[in-house]
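What follows is one chain in structure tokens, specifically the form predicted on its own.
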Amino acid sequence: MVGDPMTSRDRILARVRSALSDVPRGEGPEDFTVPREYERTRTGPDVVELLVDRLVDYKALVHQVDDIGNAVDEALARRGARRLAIPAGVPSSWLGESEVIRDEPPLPNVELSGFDGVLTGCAVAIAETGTIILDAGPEQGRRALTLVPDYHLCVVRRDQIVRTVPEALERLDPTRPLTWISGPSATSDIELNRVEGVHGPRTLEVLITP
């Protein structure tokens, strides 16, 4: 007589029971402290230089500037962009001569693609990974605002740049909506052909300021 064949579910559950066989009955996750003495930071190249290197490697456009307003005007002139959407909290000192529309009240999503781009700040930037993180703060706005327009111009202050991911996590509130950006939006199809702009802007330009 042949018994019922073991299903994938049975095999998975058997492995879980085996892995938990030495756990005392009644012990819960809160009864065990997970060691977290991993490396949180380290020394190395200047974080600004490292971030620039990583962003360029991701095909982002990067400039170190002193005057944000002039730098924004110059960036938009190079691109021929005239009409920008901006979060409600972007300072007026960042704005030059271009036409800007504040996302207050929120612009209809269907209209966002009609803008030449979006200008935002950021919450923190990670030098080692070339990642810029937005947390929907006043200078960053809601997620749709930065994902729909095809061009994202982002201002990063030097004091917002950290070296490692653990350092960035210590500055972030996990309850906020976080958007992690590593270069222009890109993905690869089944044949590994790179396709840019599928889930966000095809051009990311970063202004690093004092």
Partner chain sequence: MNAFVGMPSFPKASSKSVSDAQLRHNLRKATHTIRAKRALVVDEQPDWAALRSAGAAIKDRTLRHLDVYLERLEEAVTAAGGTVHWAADAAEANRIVTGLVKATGETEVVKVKSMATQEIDLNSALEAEGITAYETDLAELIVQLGDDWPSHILVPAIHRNRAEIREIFLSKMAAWGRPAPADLKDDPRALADAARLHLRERFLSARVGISGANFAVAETGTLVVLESEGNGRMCLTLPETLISVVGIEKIVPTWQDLEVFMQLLPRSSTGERMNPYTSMWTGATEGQTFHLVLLDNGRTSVLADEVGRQALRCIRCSACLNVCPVYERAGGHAYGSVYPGPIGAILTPQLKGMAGPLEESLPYASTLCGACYDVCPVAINIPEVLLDLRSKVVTRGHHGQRLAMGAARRVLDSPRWLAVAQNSAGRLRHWTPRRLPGPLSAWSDTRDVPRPPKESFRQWWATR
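Bear in mind the structure is a predicted one, so any value in this text is a computation, not a measurement. Numbering follows the first chain given and starts at 1. Take the two forms, find the largest set of C-alpha atoms that superpose within 1.5 Å, and that set is the rigid core.
Note that the form predicted in complex with its partner chain isn't included here; everything after this is about it.
- Residue-level contacts in the predicted complex: of His63, Arg158, Lys59, Arg142, one residue has a heavy atom within 4.5 Å of its partner chain, and it is Arg142.
- Residue Val148 is the only one of Ile68, Val148, Cys154, Val52 with a heavy atom lying within 4.5 Å of its partner chain in the predicted complex.
- Mapping the unseen interface onto this chain, Gly28 counts among the residues with a heavy atom inside 4.5 Å of its partner chain in the predicted complex.
- The shortest heavy atom separation between Ile181 and its partner chain in the predicted complex is within 4.5 Å.
- When contacts are judged by a 4.5 Å heavy atom cut-off, Glu39 counts as touching its partner chain in the predicted complex.
- In the predicted complex, at least one heavy atom of Pro174 sits within 4.5 Å of a heavy atom of its partner chain.
- In the predicted complex, the residues of 190 to 208 lying within 4.5 Å of its partner chain by at least one heavy atom are, in order, Ile190, Glu191, Leu192, Asn193, Arg194, Val195, Glu196, Gly197, Val198, His199, Gly200, Pro201, Arg202.
- With the core held fixed, the Cα of Glu27 is displaced between this form and the one not shown by 2 Å or more.
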